[in-house]
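The data below hold one chain only, encoded as structure tokens and taken in the form predicted on its own.
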């Protein structure tokens, strides 16, 4: 049944390219929007007879070794939400029908790559789907053929190529050690290998470095700020909202928990890298005047929280990390949508040249405040609960220095977002922008939708925690 999430986008892309150009231009956007919406429905209503009928038809021809658990469901939901928002935002930025068709095709390929990465249970297949996601991301970054976009895409290609070499080398070593690329086989045989085995240590180290690069964690982050800031505004929503979460963070969680397991050395590396990312990413954000670059460094910092939760090695910490993936997908997508709105209406990203925009763009201003507060971990918004779970997990496990680092990171996050809000939305309106207005439905509706998700999840979180819905068993279990 899960093959539908790969085969339907693939078939849609093929059909769109076979249709006459006039028909393609008319239906491409609606079809891709429908696919992302249907994917969300698939997560909430997996027993629907429509899916089962289609799956039986396809599975009579195709065979895939896919499996879905609740972690996969969380990731598929994040993918569907962020792709849906990205497609809506693109309506404001892509006016050419031919260019929109090219954009839709690449988005469908990215959707195939991300869905495949979270569904597969084979380490080599995971690598292949991550590469599909990466290649489509390169194209999307350079879609406008701007010189800065080419530079950002090139940096991403170089760093991603290094990551790919490291991951392939690690996969080769794992195949040599275990004779298989299946997650379960590697995990079973890994337990039989002595912890001091040099090949085991080398394989783990290479794979972790590759995933750190894909995730944009410090000190492997060199590509991320340029890629986020030079990509078209609507593409930044996709990159920040879900691409790095699938390509780096999801793969990291899956490989550590399902394949490699926790050791003292692995936990130490995870915690140290995460702490550097949380603090240095937040400090770098404080020094930025470019709206998008500030959000890019903020993403590095927030991804650090996810890895802190993973590094705790506890059920609560891992559950908090997974919850924070979802929260980051929503509040960071919201902030990049707001950035796109400001950029579209003013043509400016330098925060020093903007002020008082909330008077002319109230929806953007209000939703930006809510997204910022959730990112900073202010109750009762969704971001507070996932950060609280991570901090408690670190404290209970004895990692109290890292718990204090997590709290300090949230204070720094609040500081740079207060600066952002004051610089762009508060204060006296710049006379230059007295005639601007909201960016329109294509950008305000995604902002309202994401804000509603942040508020509703935040309000519902205490009840869900009380009923133990956010335990590791409930999130990780099949």
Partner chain sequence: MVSAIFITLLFITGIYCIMASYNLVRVLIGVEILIKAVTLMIIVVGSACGRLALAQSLVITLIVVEVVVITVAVGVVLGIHTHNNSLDVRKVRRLKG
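What you see is a predicted model; the values in this text were computed from it and never measured. Residue numbers count along the first chain shown, from 1.
Separately, the form predicted together with its partner chain exists; it is not shown, and the next lines address it.
> So in the model of the complex, does residue 350 come within 4.5 Å of its partner chain, heavy atom to heavy atom?
Answer no; every heavy atom of residue 350 is more than 4.5 Å from its partner chain in the model of the complex.
> Examine residue 102 and determine whether its closest non-hydrogen atom to its partner chain in the model of the complex is within 4.5 angstroms.
No, residue 102 stays farther than 4.5 Å from its partner chain in the model of the complex.
> Can residue 261 be called a contact residue for its partner chain in the model of the complex at 4.5 Å between heavy atoms?
Contact with its partner chain, no.
> Even though the partner isn't displayed, in the model of the complex is residue 152 close enough to its partner chain, meaning a heavy atom within 4.5 Å?
Yes - in the model of the complex, heavy atoms of residue 152 and its partner chain come within 4.5 Å of each other.
> Only one of 173, 94, 269, 77 comes within 4.5 Å of its partner chain in the model of the complex by heavy atoms, so just point that one out.
Here the answer is residue option 173.
> Taking its partner chain in the model of the complex as the reference, which of 112, 373, 157, 200 has a non-hydrogen atom within 4.5 Å?
None of the other options qualify; the answer is 157.
> In the model of the complex, does every one of 301, 343 and 430 come within 4.5 Å of its partner chain, counting any heavy atom?
Verified in the model of the complex; spot residues all out of contact, no.
> Heavy atoms within 4.5 Å of its partner chain in the model of the complex: which stretch in 129-137, 238-246, 355-363, 309-317 meets that?
Among the candidates, contact is made by 129-137.
> Heavy atom within 4.5 Å of its partner chain in the model of the complex: which residues of 155-170 qualify?
Going through 155-170 in order - heavy atoms within 4.5 Å of its partner chain in the model of the complex - the hits are 155, 157, 158, 161, 162, 165, 168, 169.
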